[in-house]
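Okay, here we've got a single chain as structure tokens, the form predicted alone, with questions on binding and movement later.
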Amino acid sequence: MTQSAAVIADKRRIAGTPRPRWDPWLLGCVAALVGLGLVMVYSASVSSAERTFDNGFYYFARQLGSVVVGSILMYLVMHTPLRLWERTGPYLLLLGLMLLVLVLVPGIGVNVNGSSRWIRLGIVNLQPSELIKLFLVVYVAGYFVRKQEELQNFTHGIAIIGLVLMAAGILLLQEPDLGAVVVITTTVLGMLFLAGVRLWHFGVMTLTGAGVVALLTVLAPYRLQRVVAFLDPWADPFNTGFQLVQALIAFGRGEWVGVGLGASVQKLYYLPAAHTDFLFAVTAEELGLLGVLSVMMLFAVLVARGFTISRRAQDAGLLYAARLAQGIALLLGVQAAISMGVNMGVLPTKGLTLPFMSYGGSSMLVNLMSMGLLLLIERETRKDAWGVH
């Protein structure tokens, strides 16, 4: 520590305002989102849980269990060396791809509504598509460090990332889960841009990704139907446009301060997947514009903090930490933006949960592990607990 930094640190000690052990902004945002999510999951699912399981706390209890297990995993991640994640990135990617293969094996993968996205592990289900999101970010961040010079070469650098994305994408589309493909592709493209690749290389990757998504949409009738319904949901409000219409009604009923916690009508019989994909719409109805803006602000602070940590890590010469922080911030920001956009009718319907809030065990575990990594990066980036930025 320099002399001036030591003087400032001493003043901080004397003033009795030591720097917190872990970043309070990140912990505060995550705690607020998780806490609000638990309340809204119970509110959105209590009627459905009573009808289906004769237990209004069914979904809430399972979500609370996921929060507890996820918090333990976050704590463990926060206390692991960051270099361990850098070294194991390729193995984690391989594990993620193997799980994506296993989920497609009859007898192992659980098929729900025509989609094979889960592996049954006793009383819980594991969703490999959630794990592969984080594992890909961990791998790509390490790849950018190992191949820093080759990133300027399309064939020996960027094309390899394209092949990895293609392998994961093909497996995800077999489930099918185009939403996860969009999230992963957008996140990795953002990481490529921030890594400083050549603009024309980035343009080629972006146009290729957009073209593939457009082609997959056109070739699958049900996906094309979703796009058509998104463009004009009121043309068929009781069939193809039903989900979006009901979500928009929920937003409209919420007005400024909402109809009151637990007083949503849309969650009862009208809004499908009220405690999962459309939890944000129920939040809008019960808490109004105030609740919507609060959730948006929490995600904005979380993502902004992630990029701030990334910049500080890069300034400190910790390139892997910087790339990983960028990837985690992008991953959470992209998924949150898409989920909220779908609920508000800004984007076509996709089966994506709202991070930290929507019901889903695998999603909660992976998101809390991601935050553990971000907290770990912030901690290791400091010169010491009393140092200055």
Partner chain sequence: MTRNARRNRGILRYWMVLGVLMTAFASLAMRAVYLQTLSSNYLQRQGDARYLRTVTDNAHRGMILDRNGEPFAVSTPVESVWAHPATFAEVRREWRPLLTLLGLNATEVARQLRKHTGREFMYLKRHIPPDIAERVTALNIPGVYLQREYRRYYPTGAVSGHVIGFTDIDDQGQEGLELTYNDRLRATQGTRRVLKDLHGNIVETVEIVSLPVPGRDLVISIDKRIQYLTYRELKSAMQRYGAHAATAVVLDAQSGEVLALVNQPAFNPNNRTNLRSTLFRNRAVTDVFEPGSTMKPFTIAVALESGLFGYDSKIDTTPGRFQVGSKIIHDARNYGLLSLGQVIEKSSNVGAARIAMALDKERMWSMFRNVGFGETTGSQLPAESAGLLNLPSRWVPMDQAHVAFGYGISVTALQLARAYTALANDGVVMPLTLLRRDHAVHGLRVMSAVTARHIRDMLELAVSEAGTGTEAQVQHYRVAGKTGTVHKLVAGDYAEDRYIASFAGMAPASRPRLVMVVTMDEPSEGAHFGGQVAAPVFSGVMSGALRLLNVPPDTPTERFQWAAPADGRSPT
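Being a predicted model, the structure only gives us computed values, none of them experimental. Numbering follows the first chain given and starts at 1.
Not pictured, yet referred to below: the form predicted together with its partner chain.
Taking E149, L194 and G341 as the candidate spot, are all three within 4.5 angstroms of its partner chain in the predicted complex by heavy atoms? Looking in the predicted complex, the three residues E149, L194 and G341 all sit within 4.5 Å of its partner chain (heavy atoms).
Considering T276, T185, Q127, Q246, which brings a non-hydrogen atom within 4.5 Å of its partner chain in the predicted complex? Only one listed residue qualifies here, and that residue is Q246.
Using heavy atoms only and a 4.5 Å cut-off, determine which of V103, A284, L136, A180 is in contact with its partner chain in the predicted complex. Exactly one residue meets the criterion: A284.
Taking heavy atoms and a 4.5 Å cut-off, does L27 contact its partner chain in the predicted complex? L27: no contact with its partner chain in the predicted complex.
Tell me, yes or no, whether F251 is in contact with its partner chain in the predicted complex, where a contact means a heavy atom of each within 4.5 Å. Taking the distances in the predicted complex, the answer for F251 is yes, it comes within 4.5 Å of its partner chain.
Using a 4.5 Å heavy atom cut-off, state whether A300 contacts its partner chain in the predicted complex. Output for A300 is yes: heavy atoms within 4.5 Å of its partner chain.
Mark V145 yes when one of its heavy atoms lies within 4.5 Å of a heavy atom of its partner chain in the predicted complex, and no otherwise. Judged by the heavy-atom cut-off of 4.5 Å, V145 is well away from its partner chain in the predicted complex.
Choose one stretch from 263 to 271, 83 to 91, 171 to 179, 157 to 165: the one whose residues place a heavy atom within 4.5 angstroms of its partner chain in the predicted complex. It is the stretch 263 to 271.
Using a 4.5 Å heavy atom cutoff, which residues in 270 to 304 contact its partner chain in the predicted complex? It's fine if the answer is none. Those in contact are Y270, A284, G288, L289, V292, L293, M296, F299, A300, V303, A304.
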